[in-house]
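Encoded as structure tokens, the following chain is the form predicted alone, with no partner shown.
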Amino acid sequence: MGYKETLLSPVQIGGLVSRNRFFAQPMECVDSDAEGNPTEKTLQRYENLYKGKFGFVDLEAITVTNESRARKTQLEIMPRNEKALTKFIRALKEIDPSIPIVFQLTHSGEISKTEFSRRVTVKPLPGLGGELLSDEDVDTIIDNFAEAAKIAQAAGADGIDLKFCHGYLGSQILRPYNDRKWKYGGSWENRSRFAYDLMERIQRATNAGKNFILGSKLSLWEGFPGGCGSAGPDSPLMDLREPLDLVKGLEERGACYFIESLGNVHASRNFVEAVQNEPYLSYLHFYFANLLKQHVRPETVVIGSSFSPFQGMKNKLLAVEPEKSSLFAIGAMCIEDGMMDMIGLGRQSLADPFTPLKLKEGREEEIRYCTQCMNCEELMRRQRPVGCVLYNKPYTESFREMRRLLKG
């Protein structure tokens, strides 16, 4: 079977169906209004993903609290946002009601920006720190997540993605570094309690099942001493017993899909997203996705990450034939060999949200490939609305203006 047939074949996710194997990764784009509601810029981005025929869409990290957040204009999900989110989802479903969209719920914890919010921590990490969270604080945060899930369901979303990756609060609690003696620290039983209690609360709050699905994006390995997937609170050695146990525990509590990821945006960013001169780091994700696939039920969907660096055949990969190194060829191989069920596109979805449609219509030569320039990443770090700087003129101009201001 050719890669086109593989990538355009349907797949079941719980009681829902993705018409193809293209998953739109949750990409924070910092373009909400002052109250955390979607704006016209937000809507345009997601309308393009729907028109571009992604099979399954994940709404970027939407915070369950305004108090602690990583982006000044980050999407928020609280009672005040329900009306705007309902309108937003309705507009997308009018384009194509068959495309499932889930909300990635998050709390930034120690990655929260002190310039406009409260940085909190489960145990101070060098270079970050923050106010220490109590048992009661975390219990309240779980309440916030459960309420957010109910709002997502009421707004018309098709499910929830719990963010346990990249150094946000979920991974902060789960990692071995959290050896503090408290309700959610120390033993694996205590650290995993947060994730399990959270999944159970959301399951009850939404009566989740076949038509409202639950899943999680996971950093199976954070890539620094004491991070998720480490052998101990100070150990740089990899030990994946806890992450794999977490996956089974979440599955038992209703999770029907997982998004594989790695790294931490503070300590090991290049494992999260391979940069321009290191595309080969993306190969690591295949190993972890395959490991994940081996440890879940046959019907549980595993979504792989870090495919954008493969581009078309014009990439910087060595020791592989060009026709076998393209995003489509490698993605199809990973699915056909049973490593994963879907491929996740993040930066490529910003570069060209019409990638799946162009493949389907035989217009591959028109696809605009991400070059890993990482200028979109810089826009996000500078708290500016995010888009592809190379191909999207308004973001090109915004980037140039930002650089001029930085130079003074």
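Residues carry their position along the shown sequence, with the first being 1. The model shown is predicted, which means the values in this text are computed figures rather than measured ones.
From this point on, the text means the form predicted together with a small molecule, which you will not see here.
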**Report entry** Of G55, G52, P26, P38, the one that lies within 4.5 Å of the small molecule in the predicted complex (heavy atoms)
**Finding:** P26
Query raised in the report: Which one, I141, C256, V272, L317, lies within 4.5 Å of the small molecule in the predicted complex by heavy atoms?
Result: V272
Query raised in the report: Is every one of G14, K293 and C334 within 4.5 Å of the small molecule in the predicted complex, counting heavy atoms?
Result: no
Report task. Decide whether C376 counts as a contact residue for the small molecule in the predicted complex under a heavy atom distance cut-off of 4.5 Å. Result -> yes
Query raised in the report: Can you check whether G170 is within 4.5 Å of the small molecule in the predicted complex, heavy atom basis?
Result: no
Report task. Check whether G344 has any heavy atom within 4.5 Å of a heavy atom of the small molecule in the predicted complex, and answer yes or no. Result -> yes
Query raised in the report: Is the gap between H166 and the small molecule in the predicted complex 4.5 Å or less for some heavy atom pair?
Result: yes
Query - Contact segment among 184-192, 110-118, 157-165, 202-210, judged by heavy atoms lying within 4.5 Å of the small molecule in the predicted complex - result: 157-165
